[in-house]
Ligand SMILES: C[S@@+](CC[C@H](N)C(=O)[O-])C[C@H]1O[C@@H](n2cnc3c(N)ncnc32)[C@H](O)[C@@H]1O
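Just one chain is shown here, as structure tokens, and it is the form predicted alone.
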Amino acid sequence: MTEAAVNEEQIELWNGLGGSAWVDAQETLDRMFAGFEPILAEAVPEGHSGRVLDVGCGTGATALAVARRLGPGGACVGLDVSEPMLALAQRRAAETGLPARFQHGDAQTHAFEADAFDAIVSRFGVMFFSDSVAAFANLRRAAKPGAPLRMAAWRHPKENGFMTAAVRAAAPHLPGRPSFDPDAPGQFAFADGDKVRAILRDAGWDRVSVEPIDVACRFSAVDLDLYLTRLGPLGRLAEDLDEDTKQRALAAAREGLAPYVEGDAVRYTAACWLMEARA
């Protein structure tokens, strides 16, 4: 099947509103998720001269963090379905001169060269496949024997209050709200750690480890409305509301997130899985 046929809905999202929102909020998101950079980049030894793949690289933060660790001859390749995000990532790499390049493609179906990568990393880029076993089997074929896999994904929404508080608070003003479907592609598709372990093992990975990590996240309180209206599910749900209802929903959402605002910053803990394996 073609990439468009396999993950059409996700490709449309990340080349449309989702992708443009992440481009516009790149600096805010990089600050928010800065704590994940060392956790993931340390899968690659300092001075490494091999090739590293960043799956679902977005606007390039993790790929650039990996590239900073690489030595002569090393390179990090970022792969994503979102052309707007890839364009920004490529500009950032060019501006810094780091050994990172970016490629358009879906990791589930992309025709990787066999045994091409010495390590594979991802920050929140692997929960969107229509067939996760097929995707990770494809990544396994792309990895050299012994190559490490290190990725971060969200745990259950009940453990991530910040990610769900805005929609819960605004629910009375919304025509609908997203439901958590553990079998559907999306932010919390890897909420079940046992499911993730089974996916990796069924895809042919060895030495599988799926362990909880809690990562402190922060961003400027000035950017709270940007988060609410562009990055979270509230923005998509509020698209078709009249302006008065939309403003009531946003006011309720701000109140719902008030416990996370400390002075000039928004702070929360990201409850995630650190997924590791070996090819």
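Please read all numbers here as calculations on a predicted model, not as lab measurements. Counting begins at 1, following the sequence as shown.
The same protein also has a form predicted together with the named molecule, omitted here; what follows describes it.
Can any non-hydrogen atom of L79 be found within 4.5 angstroms of the named molecule in the predicted bound form? Yes, L79 sits close enough to the named molecule in the predicted bound form that at least one of its heavy atoms falls within 4.5 Å.
Does the named molecule get within 4.5 angstroms of any non-hydrogen atom of W14 in the predicted bound form? Yes, W14 is a contact residue.
Applying a 4.5 Å heavy atom distance criterion, does W205 contact the named molecule in the predicted bound form? Outside the cut-off, so no.
Any of the heavy atoms of G74 lying within 4.5 Å of the named molecule in the predicted bound form? Output for G74 is no: heavy atoms all beyond 4.5 Å of the named molecule.
Among 98-106, 166-174, 196-204, 142-150, which stretch has residues with heavy atoms no more than 4.5 Å from the named molecule in the predicted bound form? Result of the contact check: 98-106.
Interface residue in the predicted bound form among F128, F162, F188, F117, criterion: non-hydrogen atom within 4.5 angstroms of the named molecule: Looking at F128, F162, F188, F117 one by one, just F128 meets the 4.5 Å heavy-atom criterion.
Note that the named molecule is not shown here; using its position in the predicted bound form, name the residues of 46-70 with a heavy atom within 4.5 Å of it, in sequence order. The stretch 46-70, when checked against the named molecule in the predicted bound form, contributes G56, C57, G58 at the 4.5 Å heavy-atom cut-off.
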